[in-house]
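Read the single chain below, which is given as structure tokens and is the form predicted alone.
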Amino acid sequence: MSTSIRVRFAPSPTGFMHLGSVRIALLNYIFARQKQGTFILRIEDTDASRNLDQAKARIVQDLAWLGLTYDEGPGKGGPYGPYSQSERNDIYQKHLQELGASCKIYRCFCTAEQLETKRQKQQAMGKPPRYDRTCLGLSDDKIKSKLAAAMPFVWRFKLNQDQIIQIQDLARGTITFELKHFSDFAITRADGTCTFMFVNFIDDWLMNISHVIRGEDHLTNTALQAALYDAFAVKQPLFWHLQIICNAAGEKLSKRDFGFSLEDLKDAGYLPEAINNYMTTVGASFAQEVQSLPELVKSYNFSNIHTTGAIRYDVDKLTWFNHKWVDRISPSELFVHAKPFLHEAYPQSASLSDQTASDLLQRVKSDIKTFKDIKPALHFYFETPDVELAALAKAFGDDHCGIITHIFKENSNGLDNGDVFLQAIKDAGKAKEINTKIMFSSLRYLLTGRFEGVGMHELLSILGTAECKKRLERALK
């Protein structure tokens, strides 16, 4: 395994995994696998006020469900652990002291209320809101008195505001930042813990991360972290800032949008293969759209990365991918994913053998776009439909309805042999100038309550002779 290519997925355990995070994890994984590199999971959990106990375990479970196996991280270990930031405080404090020794940080005693007041005044004056360095010039005596009074403070990093700093982005090339447009930023909280800005930089540096692939909403953070790389005189990684995913209206995807979270899609009956396929290909160009994860690893072109604006999330396109994958995966895989939805829709299905249930799913999979479609697709099997001859008359006319039902009555005894029965009604229909499609649609309706669905030969096989006779006699009374 290459030691030069090292990428990381670094989520915060603050709730469910959303689609933006899924895409970031996917592209980090694909990049690592294509370049024979290392894919790392790092949990960024320094903010205790926002962390959820179960969220860390869920992140690991979600990655496993998606098939994104990481090489280093929680539960696996590795040479650069621990991989949860809450376990790395001693490392951060050591480097914080180094910054203090070089006079690159200072204590800030400004309260949240004071900072908000300053921000509002700056905005009212038409100025960009920036910290005004009130505490940078505090005398030693003033600092000692505030510390003696136990006044809370944060450490701020002192930017060189005359400095122009650059980063290298895979999509945008060289990006230049003038630090005069940025504020001295906090690298600790009032409780002494270190902020995302600092620990994210420290971990990327010490874990030898070669490429940082994350959302473009971190671009401002990257400018400030570049200043930290400079302060410690260490080499920056290469960056790739991914486009933001938006809803159909062009607004940033939010909890109000269906499919915002991975949990939404799992509950709605989407396959991991479809989610991976869609989230990797959205916003990129592929000659062949439907591809497995190993195929995407081979085909993704990292030398031709687009820098266009936000990506529109299209649920219909995702559903199209899911329909393709329902048809593509093996019967055993389909059964494993579909089984919970089948049992939820029809509790009586639990009494079926796995083979019978799997066979049923194979018969109707062309009607399954998501696993929520199992309920309508298999309603005919678990429930005797309520049908009315008036529906036939409405669909095909009174005259046709009378002829069709007469043909069914005359030939119903032939149901013991499905092929013979279907051929008989087909021939009888042609003799009366009624095409086979109408004959079969009518029969399907009387047996299932739907004019479209499973092919007639399969339908007779699924329901069995006795059940077909029973339903047809009941419908024709």
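None of the values given here were measured: they were computed from a predicted structure. Start at 1 with the first residue shown and count on from there.
What comes next is about the form predicted together with a small molecule, which is not displayed.
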Tell me, out of 229, 177, 196, 286, which residue has a non-hydrogen atom within 4.5 angstroms of the small molecule in the predicted complex. 196
None of 324, 337, 312, 218 but one has a heavy atom within 4.5 Å of the small molecule in the predicted complex; the exception is 218
Partner absent here, but in the predicted complex, which of 71-79, 210-218, 329-337, 110-118 has residues with a heavy atom within 4.5 Å of the small molecule? 210-218
Examine residue 47 and determine whether its closest non-hydrogen atom to the small molecule in the predicted complex is within 4.5 angstroms. no
Given that the partner is absent here, does residue 11 sit within 4.5 Å of the small molecule in the predicted complex, heavy atoms only? yes
So in the predicted complex, is the small molecule close enough to residue 200 to count as touching (4.5 Å, heavy atoms)? yes
